[in-house]
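Encoded as structure tokens, the following chain is the form predicted alone, with no partner shown.
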Amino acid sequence: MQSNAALEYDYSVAKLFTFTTILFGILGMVIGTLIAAQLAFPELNYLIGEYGTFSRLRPLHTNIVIFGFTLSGIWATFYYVGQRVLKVSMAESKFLMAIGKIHFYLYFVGALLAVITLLLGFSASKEYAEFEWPIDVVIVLVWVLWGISIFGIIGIRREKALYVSMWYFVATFLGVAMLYLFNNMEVPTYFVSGGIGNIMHSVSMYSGTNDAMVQWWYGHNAVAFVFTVPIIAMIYYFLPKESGQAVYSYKLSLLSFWGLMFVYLWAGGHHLVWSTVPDWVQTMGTVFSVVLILPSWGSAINMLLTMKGEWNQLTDNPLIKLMVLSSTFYMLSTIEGPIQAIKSVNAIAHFTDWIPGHVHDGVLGWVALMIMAALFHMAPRMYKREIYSRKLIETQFWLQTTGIVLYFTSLWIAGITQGMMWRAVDEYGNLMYSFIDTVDVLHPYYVIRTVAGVLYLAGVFIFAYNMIKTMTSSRTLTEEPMFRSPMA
């Protein structure tokens, strides 16, 4: 084992996942902007036959953003943060290096197969769980490899205390493993029907109401353990490192951790309010969703109070600006979700555009901004070059902030308008509006959402360009920066 003073971290796996974060970020958000445009301009559905329709591209968009961009960002940051907080280099273990690289290459092959099969129309038709059984097998293998990496590096650590970011990474691994396995239990029909039908096809082991409850236990907690828990792991490492400030309260970070772990798992029923699932399931989903404000805001307030007395860094350092805005959007989306889970509000909100509005202020504001800020922080330390352009980060920040605000405000208005029009009745109790009436009214808001998508996507391209120039041609650093990331 090397001495601590001479420790050289090996970022080869982190760099590989950094590339796929950029690649899938562009791909997922290009498709997202296209399908937003299709809702405003339906003729765009027919550009490339069946492969360009909204129904074919929408699952592609969600899965590329979740399992492509976000997971790649989670793994890139884990393979960077894990070594540094545990004071061990992956190069010290040939086994862990091999596992890390197999993890990446199996993931990349699996991701390409997932994209191709979804584009060809192979789907299990379950939200965030569309992959057919062969892809699910690959995903499970990839997940097991990540688990070996996590517990392997913890097993050879020099730093005996586990920093809170590692708690959140471990929780991500365990939570998704449990959720994915149970929700994706499926029967390959080809093998139980004597070779009849398509070998790719499968059916869920659950049916009816049971399938719905398992699906939304999974679906809601996929948001918990992919879009929330590992992103908190990132900000608890990168915000203190970039700002040079200690975390405001370590006790609050652990209190919020255990609160999140317990409460989040019970809130999935709020996706099924006003449906045929038992009333107690709906009520429990609502109650736990409201309680969920406490651990969520506990983390967000802890992040913001970490900057106490150092708010001047918001004007001096664009990476701090990205992280603080990310935390602010986390607070917004974690108050909005519980409000939508209240039964009287849900009666208006459910099935309307307010729901994707809520999802996207979380994903675009909280998740994506934090991942991009984390990669910017990592780049000078992995590539030993300063960040190519501060001005490009500032431009990206304002483009994406404007895009997010336009996105969620247009969908708030569109969603509440939809909900009210669907419920409106005349003095005889007849519906006042046909479905097409609501579609006509929403058109300008869909156009605004498309413009918002274009602005955000422009920011993604600027981010990708800035990262690639940082990797290849910016000024070389002679020593690693302690805190603030150097940029031209």
Partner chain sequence: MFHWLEKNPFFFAVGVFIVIAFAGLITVVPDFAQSARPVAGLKPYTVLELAGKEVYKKDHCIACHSQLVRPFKSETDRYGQVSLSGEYAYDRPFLWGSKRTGPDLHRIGNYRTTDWHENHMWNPKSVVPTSIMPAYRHHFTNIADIDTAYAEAVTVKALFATPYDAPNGTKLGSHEEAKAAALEEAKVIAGNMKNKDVKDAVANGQVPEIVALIAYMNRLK
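Numbering follows the first chain given and starts at 1. All figures in this text were calculated on a predicted structure; none of them were measured in a lab.
FYI, the form predicted together with the partner chain isn't displayed, but the following is about it.
Engineer: Establish, in the predicted bound form, whether V290, P444 and S485 all lie within 4.5 Å of the partner chain, using non-hydrogen atoms for the distance.
Structural biologist: No, none of V290, P444 and S485 comes within 4.5 Å of the partner chain in the predicted bound form.
Engineer: So in the predicted bound form, is the partner chain close enough to K321 to count as touching (4.5 Å, heavy atoms)?
Structural biologist: Contact check for K321: no, nothing within 4.5 Å of the partner chain in the predicted bound form.
Engineer: Does the 4.5 Å heavy atom contact test between T352 and the partner chain in the predicted bound form come out positive?
Structural biologist: Heavy-atom contact with the partner chain at 4.5 Å: present for T352.
Engineer: Could you tell me if D316 has a non-hydrogen atom within 4.5 Å of the partner chain in the predicted bound form?
Structural biologist: Contact with the partner chain, no.
Engineer: Hey, in the predicted bound form, is L364 touching the partner chain, heavy atoms inside 4.5 Å?
Structural biologist: Result no; L364 lies far from the partner chain in the predicted bound form.
Engineer: Tell me the stretch among 383-391, 254-262, 69-77, 237-245 that has any heavy atom within 4.5 angstroms of the partner chain in the predicted bound form.
Structural biologist: Result of the contact check: 254-262.
Engineer: Within 4.5 Å of the partner chain in the predicted bound form, heavy atoms considered, which of V138, V277, I342, L325?
Structural biologist: Filtering the options by heavy-atom distance leaves V277.
Engineer: Just one of V187, I335, L113, A98 has a heavy atom within 4.5 Å of the partner chain in the predicted bound form. Which one?
Structural biologist: None of the others qualify; the residue that does is V187.
Engineer: Suppose contact means any heavy atom within 4.5 Å; which members of 151-185 contact the partner chain in the predicted bound form?
Structural biologist: Read in sequence order, the residues that approach the partner chain (within 4.5 Å, in the predicted bound form) are F151, I154, R157, K160, A161, L162, W167, V170, A171, L174, G175, M178.
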